[in-house]
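As a starting point, one isolated chain is supplied in structure tokens, in the form predicted on its own.
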Amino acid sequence: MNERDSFGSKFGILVALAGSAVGLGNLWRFPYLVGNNGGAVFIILYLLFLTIICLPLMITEFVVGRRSQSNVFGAFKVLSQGKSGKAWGKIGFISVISALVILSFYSVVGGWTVDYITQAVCFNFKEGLDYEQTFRYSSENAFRPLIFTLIFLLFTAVVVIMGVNKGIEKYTKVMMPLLFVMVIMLAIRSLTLKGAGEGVKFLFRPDWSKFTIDTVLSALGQSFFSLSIGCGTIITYASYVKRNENIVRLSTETALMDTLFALLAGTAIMPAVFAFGLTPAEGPGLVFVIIPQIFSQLPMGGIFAILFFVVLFFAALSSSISLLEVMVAYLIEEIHWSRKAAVAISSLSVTVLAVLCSLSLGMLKHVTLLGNNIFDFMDKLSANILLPVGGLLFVLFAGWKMTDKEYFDEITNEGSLHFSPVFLKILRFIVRFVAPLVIVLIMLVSFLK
């Protein structure tokens, strides 16, 4: 049996968790959702849902992960005990499959960031260039995106194969502070552009006429996506956390870092969009089509383009590492493979699916699953089925299978930490009643659309 790895310091835990949460969801997905959903109204709703629903769920994933000291599959077996252990263990297996599916298309987008770094370094982003055509070439070409996807996956595997302490923790200790510094630099540059004030108003002055049910659901979905709720990464990382750490504080600090990064990302992008008279509701192409166009018109824009896409790459890599670790931890602890073998097989599995996802945007565009190309199918399979179903089963387990004593003992470190009884009761109520209803609502809306 392999000896279990663990994080070596509180700072290492915090930056690794922040790295898991801070990813393309913040720098790529958050700004275009803000643009599509009315700006400040979306942000207010997002912060509300993140505070009252997602933070309690994050704390609860910490409870399950650290108490079990096991991978996401083994965690439910350990905590359920008895004959029902194998049945509950299937919840964790859903998370393992979710990580595989998400990483299969996520790594393709990660590959685009590597591609755009090479283009930025070559100063290819020039005024008058057809950026939509450039993005199509980068995403639909038969071989170019495959090469960069494989490079991205190689970076991911190299970090994970080194282990939790010497790989994930060591990498994120350097990468996360650097990431925040670079985003702050981009935000400052964006705010100094003429006309940037309109972008700031869009982000922080709410226009309640933009309030719609779609805005509510988009904000709710993004709050889950942003904190990586339900995909097993928090449970896996929490299992490497030492028993004396305050998991409520760690969860809160991670959520605050994730939120700060999302707001900085919006501040780095949206004022520039308005300064150049472009539309904020560009959608997923905002980062790869609009942003290079902006940089091409800025003094020293080539340098800032390099900086931006390096930031985007680091953000993508931080999340891909946590997703791969979910699969690797399962193979090490349940199948009893070495870390090297687990990383190799997990990476190979992801690569096969990632190749199909990449080709489905080009030469395999005609191949569809339930009316979607393979890339979109994987996206919808994870977002609409695997994550909600796994998340629902998780909150039912944590809310009803775990006893109050087990739950509160883990939060209070067996009574050594003291929290308000009202806080603990509200936390338990949200996990037992509010969260299941919210997840069911998300699932119903997804199926009705």
Ligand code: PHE
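This structure is a prediction, so every number in the text was calculated from the model and none was measured. Note that residue numbering follows the sequence shown and begins at 1.
Missing here is the form predicted in complex with the ligand; even so, the following discussion is about that form.
With a 4.5 Å cutoff on heavy atoms, S346 does not count as touching the ligand in the model of the complex; it lies far away. At the 4.5 Å threshold, heavy atoms of S139 stay clear of the ligand in the model of the complex, well away from it. The ligand in the model of the complex is not approached by F152, whose heavy atoms all lie more than 4.5 angstroms from it. The closest non-hydrogen atom of L24 lies within 4.5 Å of the ligand in the model of the complex. With the ligand omitted here, the record of contacts in the model of the complex names 228 to 236 of 331 to 339, 228 to 236, 348 to 356, 182 to 190, defined by a heavy atom within 4.5 Å. This chain appears without its partner; in the model of the complex, the one residue of A265, V109, A75, L323 with a heavy atom within 4.5 Å of the ligand is L323. Contact annotation: of the candidates S360, Q293, S319, T259, the single residue with a non-hydrogen atom within 4.5 angstroms of the ligand in the model of the complex is S319.
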